[in-house]
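Given as structure tokens, the chain that follows is alone and in the form predicted on its own.
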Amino acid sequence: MQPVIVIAHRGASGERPEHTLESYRLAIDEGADYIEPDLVMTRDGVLIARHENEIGGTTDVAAHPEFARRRRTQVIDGESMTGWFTEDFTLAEIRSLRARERLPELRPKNVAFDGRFIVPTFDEIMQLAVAANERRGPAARIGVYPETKHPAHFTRIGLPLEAPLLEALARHGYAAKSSPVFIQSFDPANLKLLRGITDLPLVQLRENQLGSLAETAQYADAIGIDKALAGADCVREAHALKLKVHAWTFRAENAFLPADLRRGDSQTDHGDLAGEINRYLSRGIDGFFTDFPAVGVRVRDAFTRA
């Protein structure tokens, strides 16, 4: 039986601003099996790590008067979004920005790091992983779990994500099928395209409903699902179809925990995250995304020993 994997969701994002090298580095130090970058494109075709291509909430771009006129509204995947978009910036311009905490009300300690960290490229994240591998040895390579964000949108504007993603993985020694890589997307068309050009494991993301798992199994190797969908019956059905089940997202703040696992009176207080992870481990999941990888590793290891 393969061990359950701990996926550092945007790095150790409960302790550092998400999608920064410092967040990924801390996640590696805390023992995460995989680090998870969300990938978007710059105007000059460079993959960078941001939760969305709209960066008003995760960088200090609004404080840069030279970029004020680039604020605009566009429709992406059927949703109207207003702000500053990575595809309107070169990498050199992105380099002038600094990361900010995306959830300042819930994570005030992370706000102390605002303005200190750059927005990393995917190449820089891969370089971080390779450097960690040199310390850890070949038997404990850090895994990489990239998500293609809005792939149809980027293809439509002439900045497809797929080839640059695969080329970067290959450049850093992560091209073989046995490499510790999962590529994830909400877009089935994107995954089907990738299935035709790579043997790397693919993950179909689902948030509100599972859809047909039998159909998903024709092109994907795993499902990455909102934990609300990850019941024991779902896990059994997926496993019968040879699909792994990775659940998201496990966070310590009361705001994200069920009522019986909350502790204290504030939404920002930390509740019983370990208890919630254990519930899902008991259902047979194969991996989980967490903003607090140190907790995830500790709970997974104790569960495995038991």
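Each residue number is its position in the shown sequence, starting from 1. Owing to the predicted nature of the structure, the values given are computational and were not obtained by experimental measurement.
Keep in mind the form predicted in complex with a small molecule is missing from the figure; the text below concerns it.
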query	finding
Heavy atom within 4.5 Å of the small molecule in the predicted bound form - the one residue of 279, 51, 43, 262 that qualifies	51
Interface residue in the predicted bound form among 132, 111, 205, 81, criterion: non-hydrogen atom within 4.5 angstroms of the small molecule	205
Heavy atom of residue 34 within 4.5 Å of the small molecule in the predicted bound form	no
Contact label in the predicted bound form: residue 184 to the small molecule, heavy atom within 4.5 Å	yes
is_contact(residue 16, the small molecule) in the predicted bound form, heavy atom dist at most 4.5 Å	no
Close approach of residue 253 to the small molecule in the predicted bound form, 4.5 Å, heavy atom	no
Stretch from 103-111, 160-168, 124-132, 141-149 whose residues place a heavy atom within 4.5 Å of the small molecule in the predicted bound form	141-149
